[in-house]
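Below: one protein chain in two forms, given as structure tokens, structure 1 then structure 2.
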Structure 1
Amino acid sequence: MKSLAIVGGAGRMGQALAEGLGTLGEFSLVALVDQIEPRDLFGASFATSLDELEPSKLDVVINFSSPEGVVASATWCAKNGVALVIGTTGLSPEQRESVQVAAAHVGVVMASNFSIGAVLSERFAAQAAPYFERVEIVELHHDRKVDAPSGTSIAAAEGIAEARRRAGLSPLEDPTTRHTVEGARGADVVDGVKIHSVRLPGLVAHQEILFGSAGEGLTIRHDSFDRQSFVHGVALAANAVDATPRFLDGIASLIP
């Protein structure tokens, strides 16, 4: 049974993971690390820094905090030979570099989406991409999300564009030539694959990938209704990673 510490343990994701990973029976939750005291400790101890913990009692640090928190965890894990799973998004190139440096010393998995359904929908979209004339993505999130479009939709667009390129298809050209209002046709992220971002209270994280050809359509929809949707992907990553140096970008390779 692997022993875990969750950095960002007082946050929305930290609390959901502490609850969800605890109930799987595969892990021992040692500590929740945060700048503020968590609402619920789920049987773990509370620490304000990884420095307060005994490295020999930990197998994996899970980080869902802030980009600065990721750098601190990467440095600590590399120094102490503890594996690292990172879900925090919004890292700068320099902060990503510090993760790469850590991966030269310990195992690191970093993913912008730990939901297994989201990873599979990206895979299915790449599979469908060569067979349809056009594709557009609609991503829908709660109104507290500060970035747009979502990292998940950008990754899906890149996967679709790559699959189209491999099939010898040209970049998509927008049939709309007259834009009455700028922005109505969404963001052109890669090779003309449009992404439309919706932000509404009450939503969590949702995405529709819409394919169209003459006479037929295919919609691949994924919904994260709850933060528990990330638990199984984080568990996969925590089970896969150990102190052996390596870097895993995303969890797709962990889902055969």
Structure 2
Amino acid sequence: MKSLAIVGGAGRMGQALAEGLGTLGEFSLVALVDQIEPRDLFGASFATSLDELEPSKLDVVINFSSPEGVVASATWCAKNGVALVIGTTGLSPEQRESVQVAAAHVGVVMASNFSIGAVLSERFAAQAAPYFERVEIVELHHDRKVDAPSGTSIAAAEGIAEARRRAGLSPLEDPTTRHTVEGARGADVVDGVKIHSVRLPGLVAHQEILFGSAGEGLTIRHDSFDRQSFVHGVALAANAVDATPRFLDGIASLIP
């Protein structure tokens, strides 16, 4: 049984993970780490910093906080030989580099989405990409998500672009030549794959990948209606990683 600490434990995602992971019987939840005391500790202790914890009593730190919090967790885990699972998105190149440095000392898993269904939808999209003329992505999230586009949609766009390159296809060109309002056609993330971001109260995490060719279309949609949808993916990552130095970008390789 692995011992866990959740950084960002007072947040909605941290609370969902603390509740869900605690019911699996595979983990011991040692601490919830945050600047404010979580609404529910789920039997764990509360700490305002990883520095308050005893490293020898932890196997894995799970971070769903902020990009700055990820850097602090990566530094602490590398120093103390504790594995790290990261679900925070919106990291700068410099912050991602800090994670890579930590992975030279301990095991690290970083994923933009821990939903099994979301990961599978990306896999299906990459399979479909060479067979359609065009593709665009619409990602929809709750209105308190601070970054756009989502890390999940960026990963999907990169996977689609790579699949098209392998098939010998050229980057997509936007057929729209006159923009009445700048930005109406979304963001060109990679090789012309457009992403459109929606932020509304009541949503959790949703994504549509829309393919089109002459006479037909294909829509791959995934919906996370509750944050519990991420629990099993985080559990996969926590079970797969240990103090052995390595870096896993995403959980796709953990899903046969």
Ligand code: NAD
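On a predicted model such as this, the values are computed, not experimentally measured, just so you know. C-alpha atoms forming the largest set that superposes within 1.5 Å between two forms make up the rigid core. Numbers given to residues start at 1 and step along the sequence of structure 1.
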Out of structure 1 and structure 2, where do we see the form predicted in complex with the ligand? 1
Rigid two-part model between structure 1 and structure 2; small part's rotation relative to large part, whole degrees, is 10
Taking the rigid core as reference, the Cα of Arg199 travels between structure 1 and structure 2 a distance in Å of 2.8
In Å, how large is the C-alpha displacement of Pro175 between structure 1 and structure 2 after the rigid core is aligned? 4.4
